[in-house]
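Heads up, the chain below is alone and in the form predicted alone; it's given as structure tokens.
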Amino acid sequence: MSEACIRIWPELPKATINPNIYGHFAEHLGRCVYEGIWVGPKSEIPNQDGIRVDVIAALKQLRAPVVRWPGGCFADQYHWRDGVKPLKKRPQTTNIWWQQSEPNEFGTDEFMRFCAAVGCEPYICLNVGSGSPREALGWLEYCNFGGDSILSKLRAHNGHPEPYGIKYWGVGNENWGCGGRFTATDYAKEYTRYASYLRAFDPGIEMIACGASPGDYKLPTFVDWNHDFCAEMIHADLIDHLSIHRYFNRGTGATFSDSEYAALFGDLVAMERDIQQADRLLGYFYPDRFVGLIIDEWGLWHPSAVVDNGLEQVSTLRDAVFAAAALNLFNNYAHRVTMTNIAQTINVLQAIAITDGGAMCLTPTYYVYDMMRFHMAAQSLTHELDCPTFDAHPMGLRQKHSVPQLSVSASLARKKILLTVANQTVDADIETRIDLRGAKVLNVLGRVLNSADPRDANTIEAPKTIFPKRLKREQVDGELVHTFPAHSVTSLSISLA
């Protein structure tokens, strides 16, 4: 058995963990929206105004803070007016990126009813690629204007007289790629056009600019594209957040080798590099104004997830351990990271749930969000980790790196420390001393997510194959020691005196 030590300083908080770090993403792609979220009010599947009640309940349990919609690549082809007409008059259009028909049954008002039912904030991604500032401004007016106008009257006619007050607005999606293949400087000019009108119309909104994503569309480099965008964006008052994306895969969804398992966790080093580079850029270009970093698409995209099957894939325990390690990373950079949105909410890619007709099962990734939700709005704590490492060659980086076998984050709220630990190994249990630097511990509660094999998954037929197990309540007298099993996620709630 390997040994490790985690040292935590309860009196040294670093930053508040923005609840939006635990956000989600729903695109009109495959079965994410249609069947996954929306079944229509006439469906025999239990629903609330057409929205699946099992999905509402699952997201409410997670206290889902924010959902990004309607895309994704879909966003830069989406024209919002198609989704606010009477249902019988909504046109059936074609989704060119995902090669499927779009009935436009789930539009702005349906999305807002979904958000209200879940209790989450909406994050709307605007159409820059095939849209216009006028179209974007009209959408903002429809959603947020409280005065007398044609669009506010239309919203009232559609059942919501009061403004929605949507806070988060993304100006395009992947505009270096599927959103129009802009250069960084051209996108900066286009962003300025859009943002100038949006900010003037509603100064209270927060606007999100599209940054580069590593390795896509043969960009010069990830950091150069973002540098050129920020250098051109001289109007600092128009930008509140910069978004980046990062997808991962090593081996297939459920038949990966042990070496591919380890390589996947090494790739998190590359995402940490993304965050560090963006942090430095934003600090340099906006020294007098805080600009947050959003990773509004991230997760595992296995080779089996293709357009023909609606980007569906198996979700294993390995995926869940990876999600926990990524969320630990985001927690540890809470001074800059203001939101993340795992892709995608239901059925697509690293989904938190899968559906089959009226049945639904929760994936192992879902339980990671349930176990880690208590980090939301807590104070991220300073900590140190001493543990064994393994060598990996992160994708996109030139050199090998030593990667800790454990991934850790810790936060403090109401005299309780939440410590979440992902054991990133295939087969090594790690006995760990938890040093709280003199703080007195009353007791420890916890849960662990584990299974015999990291390739195990939940299915409709066997939905509880992987399920968090409660740890025995411990009264602590002296040193706190815990063994973290191989390929597991553990959350410990440590009550302080």
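Counting begins at 1, following the sequence as shown. In this text the structure is predicted, and so the values were computed from the model without any measurement.
Keep in mind the form predicted in complex with alpha-L-arabinofuranose is missing from the figure; the text below concerns it.
Looking at V33, you'd find every heavy atom of it more than 4.5 angstroms from alpha-L-arabinofuranose in the model of the complex.
Using a 4.5 angstroms limit between non-hydrogen atoms, G72 touches alpha-L-arabinofuranose in the model of the complex.
At a distance threshold of 4.5 angstroms between non-hydrogen atoms, D319 is out of contact with alpha-L-arabinofuranose in the model of the complex. Remark: L29 counts among the residues lining alpha-L-arabinofuranose in the model of the complex, judged by a heavy atom distance of 4.5 Å or less. Contact with alpha-L-arabinofuranose, judged by heavy atoms within 4.5 Å in the model of the complex, is confined among 386-394, 360-368, 105-113, 240-248 to 240-248. Between alpha-L-arabinofuranose and the residues M339, I354, L349, V171, the one pair within 4.5 Å by heavy atoms in the model of the complex involves L349. For the residues F285, F256, W80, W98, the 4.5 Å heavy atom test against alpha-L-arabinofuranose in the model of the complex is passed only by W98.
At a distance of at most 4.5 angstroms from alpha-L-arabinofuranose in the model of the complex, none of the three residues N18, Y333 and M376 contributes a non-hydrogen atom. Along 305-341, a non-hydrogen atom within 4.5 Å of alpha-L-arabinofuranose in the model of the complex is carried only by L311.
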